[in-house]
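One chain comes next, on its own, written out as structure tokens in the form predicted on its own.
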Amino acid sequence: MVSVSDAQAIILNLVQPLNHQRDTEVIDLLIANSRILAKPVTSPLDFPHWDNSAMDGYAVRYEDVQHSSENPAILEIVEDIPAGYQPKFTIQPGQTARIFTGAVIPAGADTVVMQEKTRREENRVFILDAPKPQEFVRHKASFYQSGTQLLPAGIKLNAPEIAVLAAAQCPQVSVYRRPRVAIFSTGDELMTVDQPLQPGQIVDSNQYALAALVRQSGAEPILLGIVKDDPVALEKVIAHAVAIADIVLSSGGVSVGDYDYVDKILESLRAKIHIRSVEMRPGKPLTVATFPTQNFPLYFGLPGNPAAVLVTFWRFVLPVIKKLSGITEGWESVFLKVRSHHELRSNGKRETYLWGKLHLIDGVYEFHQADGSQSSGNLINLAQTNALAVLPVGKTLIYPQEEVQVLQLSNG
């Protein structure tokens, strides 16, 4: 049995990110949200494209208005310049142009006076306060210079990045393909959601939970259904999953019972088993293996109990999917130190994860443990979980208002 930190190190060292040449695709920008950029982007455009005004006001020559605080300057208005209009006049001494936010600065002008510091009378304007030199002028290429890197590879494309690409006139973008994650559940007792339950039978909720988590992480789930406790059928499904996926997730069948066949089948398929159990609760029975095939898939044999499935996914599988996806940073788990609202208990023998919610109380985050049993078989009180409190080995009690480390959960 390995420690949680050792297990994390072993697992992440096994992950090879997607290849930036082989594992990419070109997609329309409108459907690129949450995808990972595969190639750096440059643009032939400067940002701003030209000198423009950051304020509604008047485009002036600074030397004409620099003493306006003591003696207001009076300037002749030669034209109005709205956004999208190309100025026709060069500003001469004693002249100005009415200008609006985003409009092109006319030749001859070098400063903008905001309209609140002026008074207009017909075609003349009184400058009532001296501006700073070049005030409210956004200079060409001051945000970005054409030909340099606009966005680096390995970042997630969210709304700001997509807006940048749109402004740079990139209608299509090269992204990494979505990692493929095969999912199946094992057990004679498992039924689908539409089957009537007989005594001793339960619904396979794990496959639904894992599919949702995989989608939230930006990967593509491949659902392979329920596999009965039959070594022949299980070997067939595992071999198929390994051939088509980057990651394989099975739930159940990895403990030491008479019907737990997963580890033996992995060995028969020439898999190398790196982890068989982890010093954590819930989630002790965890198998991690790799196969000597071209796509080198990573196999996770997750526990069967629903809370253990979710905890082990959040703790180990989610960072793997993120690292595999090609993202260069932000794939590590996020831990916070917060205040505990409740008394938290553990037997101290294994690193223990308690599920619940983070609440912001008077500007400070508090962890509220979920009501009811923290049994690994209790699926019901997992609803609305957004954090896991972590009690290290040897820690048996955390008092209310005492600091506790939590694993913050998100939608990927």
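These numbers come from a predicted model, not from an experiment. So that there is no doubt, residue numbering starts at 1 and follows the sequence shown.
The protein also exists as the form predicted together with a small molecule; that form is not presented, and the subsequent description refers to it.
- Contact annotation: of the candidates Ile162, Ile275, Val203, Leu151, the single residue with a non-hydrogen atom within 4.5 angstroms of the small molecule in the model of the complex is Val203.
- Taking Gly326, Pro106, Pro179, Gly252 one by one, only a single residue has any non-hydrogen atom within 4.5 Å of the small molecule in the model of the complex, and it is Gly252.
- Looking at 114-122, 333-341, 179-187, 96-104, the stretch with residues near the small molecule in the model of the complex, meaning non-hydrogen atoms within 4.5 angstroms, turns out to be 179-187.
- The shortest heavy atom separation between Pro87 and the small molecule in the model of the complex exceeds 4.5 Å.
- Contact between Pro282 and the small molecule in the model of the complex is not found at the 4.5 Å heavy atom cutoff.
- Pro131 falls outside the set of residues with a heavy atom inside 4.5 Å of the small molecule in the model of the complex.
- Among residues of the shown chain, Asn305 is one whose heavy atoms approach the small molecule to within 4.5 Å in the model of the complex.
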